[in-house]
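Starting off, we have a lone chain in the form predicted alone, written out as structure tokens.
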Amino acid sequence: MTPTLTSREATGERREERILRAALTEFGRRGFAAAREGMIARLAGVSTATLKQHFPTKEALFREMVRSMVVRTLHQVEPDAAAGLAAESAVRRLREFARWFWQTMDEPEYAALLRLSMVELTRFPELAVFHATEVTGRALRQLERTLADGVAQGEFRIGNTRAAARVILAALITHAHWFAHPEIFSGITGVDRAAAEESVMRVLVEGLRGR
């Protein structure tokens, strides 16, 4: 017999989810030190006492918020075969990966997680390792597979696919941050984002082809 949640348990899960989403908003906007638990409680529609029942400290709330967001992110990272691209050229797979990455980073939750991973995770070494291994590392491995296939198919001329994957991922992450703040970085990327994205991909593909 399949176990079912009681209404109280289900309500508790929904409340915790609201708290975690509110925490991402507050931490992403203010950073860890300046974030206020009272504001998180208000954003989640609960009392501070209720928030403390679920997460006794701000550190515990931050840890669970990052962990839950990482798990959610992993569900968005599909293998090439699952995305229907396994038989496609490596160039197309690389372009599709970049397109997916930039589109994902446009979503407020993932943009906030990117900012937190770049600034705040040094406070929590175990979370930094978890994020690096499960998110960045997984994306890196997918890129490396694409590059290795491109070399095998004669599309790319590179000797070190791991190093090339690191360079590409770093470029994608940096541009995701720049694209998220056009009011600051439009002088670097230009005002036409589509043109900027295409120029990045053209440079990457031409470099991988050895031209």
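This one's a predicted model, so the numbers in the text were calculated from it and none came from an experiment. Note that residue numbering begins at 1 and tracks the sequence as displayed. The term rigid core refers to the maximal set of C-alpha atoms that superpose within 1.5 Å between the two forms.
If you look for the form predicted in complex with another copy of the chain, you will not find it shown, but the lines that follow are about it.
Here is the short version: of 177, 52, 145, 67, the single residue with a heavy atom within 4.5 Å of another copy of the chain in the predicted bound form is 177. Taking the partner from elsewhere, residue 189 is found to have a heavy atom lying within 4.5 Å of another copy of the chain in the predicted bound form. Taking non-hydrogen atoms only, residue 36 never approaches another copy of the chain to within 4.5 angstroms in the predicted bound form. Proximity of residue 123 to another copy of the chain in the predicted bound form: non-hydrogen atoms within 4.5 Å are present. Proximity of residue 128 to another copy of the chain in the predicted bound form: non-hydrogen atoms within 4.5 Å are present.
Within 4.5 Å of another copy of the chain in the predicted bound form, a heavy atom is found for not a single one of 47, 57 and 110.
Within 4.5 angstroms of another copy of the chain in the predicted bound form, the stretch 110-143 places a non-hydrogen atom from each of 115, 118, 119, 121, 122, 123, 125, 128, 129, 132, 133, 136, 137, 140, taken in sequence order. After superposing the rigid core, the Cα of residue 25 is displaced by less than 2 Å between this form and the one not shown. In the predicted bound form, the separation between the C-alpha atoms of residue 188 and residue 165 grows by 3 Å or more relative to the displayed form. Cα-Cα spacing of residue 161 to residue 188 is enlarged in the predicted bound form versus the present form (difference of at least 3 Å).
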